[in-house]
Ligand code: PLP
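Shown next as structure tokens: one chain only, the form predicted on its own.
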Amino acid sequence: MKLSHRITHLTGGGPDGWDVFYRARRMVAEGHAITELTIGEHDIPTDPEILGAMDASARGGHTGYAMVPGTDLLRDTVAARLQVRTGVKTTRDNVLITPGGQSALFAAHVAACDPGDVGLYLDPYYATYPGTIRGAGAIARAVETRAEDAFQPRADEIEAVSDGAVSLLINTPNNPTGVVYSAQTLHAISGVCQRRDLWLISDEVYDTQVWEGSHLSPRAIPGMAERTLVVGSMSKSHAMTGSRCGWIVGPTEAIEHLINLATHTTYGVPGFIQDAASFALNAGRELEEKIAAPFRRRRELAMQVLSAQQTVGLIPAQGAMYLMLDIRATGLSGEAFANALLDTHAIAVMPGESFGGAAAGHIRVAMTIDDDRFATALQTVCDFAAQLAANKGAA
């Protein structure tokens, strides 16, 4: 039987660039001790108080079908959160609760794109972005950003490739680069969206992890609330990756149709998980800062290690739980460097090429192991790069 072109071409028919990650996991399964700096998974579990709220809700009977749009309590809580952070009036009618941020990204593109439309996304990108756009039946078109611009997007280059486009997907604070888009960048992007009549899909799952500057949601920019779909999640802000609870915030009409989509696809999120999410969000900034604190601390450790050497460059690490390191001085691609690092020192990192061509010659390091091991591993990365660069110079 023939499978659909849509499902068989989600990744564009080529490799997805994650070979190093899969090889490292096979080595772990074989009993090798590997220092994993690959994926964005917290090294702390979900807070016991959040789990207590989840347990109390489940034992209290909230285990049946929950309302498809989300519980009134959680939708109201998310709406209040977004209203405070954007200054835009927001009610539960602007909110759909989804099974995680990934589900929200897919639903947002289904809402914005008809089959054959072009959906734009920025390169470097989170690994699922192009496949998500293709899964919605649209054509995924990358807009490259540059390391020399600290991967801040250029509005003129977005506009130059926007013919046929109906949407633009952005992510700030950014995975994989760790860059926080400036207000100037976001105002310029918003101008393109208004001139070209684009939906802006804004992935803001790292909005509690800002180390330099401040996070600006484009929904707060004049003229953008009616054309912006904000994607949020409990995964990164509250270490609830496995709970699968996220949301879309957008115009009321869009949310009404997205609720209809959810009725025909996910049919909502378990009520006891939503109650735990409500509890966590209502715990306020203190809990969010507690969960973000290890990454803030490790970012400072990284700055100390990297400032003491000259080979590895650091893309401004302004937010999120990652570092994007420039290893072009070694003469190797990100993939070749990552494979050599794994073979030589049993340290697994993600090649920049895993996230698109714009990050070639870079590696992404997740700050997701304890402080001492992280600092030691990062020092080893720098020493290895220096050795490779010296060998290149001597050749």
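So that there is no doubt, residue numbering starts at 1 and follows the sequence shown. Just so we're clear, the structure is a prediction, and the values are computed from it rather than from any experiment.
Quick note: we don't show the form predicted in complex with the named molecule, though the next part is all about it.
Novice: State yes or no: in the predicted complex, is some non-hydrogen atom of Asp207 no more than 4.5 angstroms from a non-hydrogen atom of the named molecule?
Specialist: Result no; Asp207 lies far from the named molecule in the predicted complex.
Novice: Taking heavy atoms only, is Thr185 within 4.5 angstroms of the named molecule in the predicted complex?
Specialist: Answer no; every heavy atom of Thr185 is more than 4.5 Å from the named molecule in the predicted complex.
Novice: Can you check whether Val95 is within 4.5 Å of the named molecule in the predicted complex, heavy atom basis?
Specialist: Residue-level check for Val95: no, no contact with the named molecule.
Novice: Check Gly119 for me: does it contact the named molecule in the predicted complex (non-hydrogen atoms, 4.5 angstroms)?
Specialist: Gly119: no contact with the named molecule in the predicted complex.
Novice: Given that the named molecule is left out here, which of Phe279, Phe151, Tyr126, Phe272 has a heavy atom within 4.5 Å of it in the predicted complex?
Specialist: Selected residue: Tyr126.
Novice: Though the named molecule is not shown, can you say which of Thr77, Ser235, Thr145, Thr132 has a heavy atom within 4.5 Å of it in the predicted complex?
Specialist: If I apply the 4.5 Å criterion carefully, the residue I get is Ser235.
Novice: Want to guess which of 235-243, 305-313, 262-270, 77-85 is within 4.5 Å of the named molecule in the predicted complex, heavy atoms only?
Specialist: That would be 235-243.
Novice: Taking heavy atoms and a 4.5 Å limit, what residues of 81-105 are near the named molecule in the predicted complex?
Specialist: Going through 81-105 in order - heavy atoms within 4.5 Å of the named molecule in the predicted complex - the hits are Gly100, Gly101, Gln102, Leu105.
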